[in-house]
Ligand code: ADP
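Presented below, as structure tokens, is a lone chain in the form predicted alone.
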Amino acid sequence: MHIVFASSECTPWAKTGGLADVVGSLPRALVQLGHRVSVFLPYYRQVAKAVPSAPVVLPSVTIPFPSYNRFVRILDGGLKEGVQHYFVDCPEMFDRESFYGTPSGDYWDNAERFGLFSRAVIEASKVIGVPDVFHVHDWQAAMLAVLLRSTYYFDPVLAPVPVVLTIHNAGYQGWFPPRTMETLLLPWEMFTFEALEQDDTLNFLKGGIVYADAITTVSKKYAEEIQTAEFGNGLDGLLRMRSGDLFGILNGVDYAEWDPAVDPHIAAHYTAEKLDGKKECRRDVLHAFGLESVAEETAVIGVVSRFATQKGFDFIVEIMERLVQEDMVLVILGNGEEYYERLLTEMAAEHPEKVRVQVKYDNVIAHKIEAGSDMFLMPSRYEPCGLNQIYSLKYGTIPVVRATGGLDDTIDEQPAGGGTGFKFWGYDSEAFLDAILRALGTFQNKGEWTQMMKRGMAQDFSWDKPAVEYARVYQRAIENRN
């Protein structure tokens, strides 16, 4: 079948999180199954810098607005590992410093930007090739489903084409004022609680959930969680109504990039059968953070994350004074909320022999932390899927995680020992500290720790199985639509 992806992010060109990794990897796995896949991405300034001379496929696509038209070009992003990429070029919309906004807030015209993107994908597909199914991602592309079932309702070419929506994070929904209905030329009769309206706003993600033929999210646990008030962010009732069309499919990872046997960013390669290289990686990451003379018995604990309460940094801050009393060193990489950036920097200054922080995102250092750490912390308040815990397993770095979303699905802790990591339940810093202490206690038993490392390294979270599951969802959506 022919599948068209529409997404606001895709590696290697545009990335703020796991969405980009999924859209960069899943299409390749689908191609391996024999499917044809095209991916549409906005031609952001960052994309234009990486691909400055992309050939023009369609020189002018008209996108109507109430009192004016905008005109976009469709550019050829190239065929990579069998996946065809296209860029939607509209400089006044996408030639900006960031994808979604500035530190002071979101861009004021994001509804127009991503409404235009969705309509451009539809219009381009009518010329380049109508797919068997559209696969749209998060609120930024969810409007495609709304447009297809409203503005394009009577189009005989598009009527039989279903839409599959993937929710990567239900916390981001795309809320806009009611006048957005007019901006996007949507019929006002759709501005109801049963369709697009929520709390007197137009909700892009809600519209996608209402009008998509099937809905997926990025782990089985998260599919259950978003049907509850705690995690549904106001959409739990609607998601319960559509539970028969909601599927949790765990994200895969790209082992071509995240595998200590071949990783070009780490000091030495290693495998579960030959672990010697991990010791060299441990020395390398300690050197990268300016930590010298750390004893072999001292655990190296790594964190790579966006600094935010959602990621559990309130817990990390709360337990820091007690954690530094333990036989461990903590290396942290990331950036995010200014409060945590400042607080973590201050804590590192207070405990320079125990805590080191680099306030930035650096892909090479991220790989070094995964390879060189003994354990990895992910105390997220919620985590739809999570990728770093899966990377950690492959690198023999034991995860300590909160039992939520994909973290619960991927990490196994056995009460009598064994398993692949350590988990805590509830949203409680004491429970988090207790899980770390259990991990530190097990770390002292090198035989048991090594067996846990090897069990984790043997896990397979490649895209092979998820791609088959997605293909089944596409086929089901096609059959139901027809």
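These numbers come from a predicted model, not from an experiment. Start at 1 with the first residue shown and count on from there.
Another form exists, predicted in complex with the ligand; not displayed. Remarks below refer to it.
Undergrad: P12: heavy atom within 4.5 Å of the ligand in the predicted bound form?
TA: Result no; P12 lies far from the ligand in the predicted bound form.
Undergrad: Using 4.5 Å between non-hydrogen atoms, is F71 touching the ligand in the predicted bound form?
TA: The answer is no: F71 has no heavy atom within 4.5 Å of the ligand.
Undergrad: So in the predicted bound form, does M378 come within 4.5 Å of the ligand, heavy atom to heavy atom?
TA: Close contact exists here: in the predicted bound form, M378 approaches the ligand to within 4.5 Å, heavy atoms only.
Undergrad: Applying a 4.5 Å heavy atom distance criterion, does G18 contact the ligand in the predicted bound form?
TA: Yes.
Undergrad: Heavy atom within 4.5 Å of the ligand in the predicted bound form: which of F315, F117, W139, Y391?
TA: In short, Y391.
Undergrad: Taking the ligand in the predicted bound form as the reference, which of Q310, T271, T345, T228 has a non-hydrogen atom within 4.5 Å?
TA: After the contact test, the surviving option is Q310.
Undergrad: Looking in the predicted bound form, is the ligand within 4.5 Å of a heavy atom from each of D89, R113 and T180?
TA: Zero of three within 4.5 Å in the predicted bound form.
Undergrad: Looking at 126-134, 379-387, 76-84, 232-240, which stretch has residues with any non-hydrogen atom within 4.5 Å of the ligand in the predicted bound form?
TA: It is the stretch 379-387.
Undergrad: Where, within 310-348, is there a heavy atom within 4.5 Å of the ligand in the predicted bound form? Residue list please.
TA: Contacting residues: Q310, K311, L333, G334, N335.
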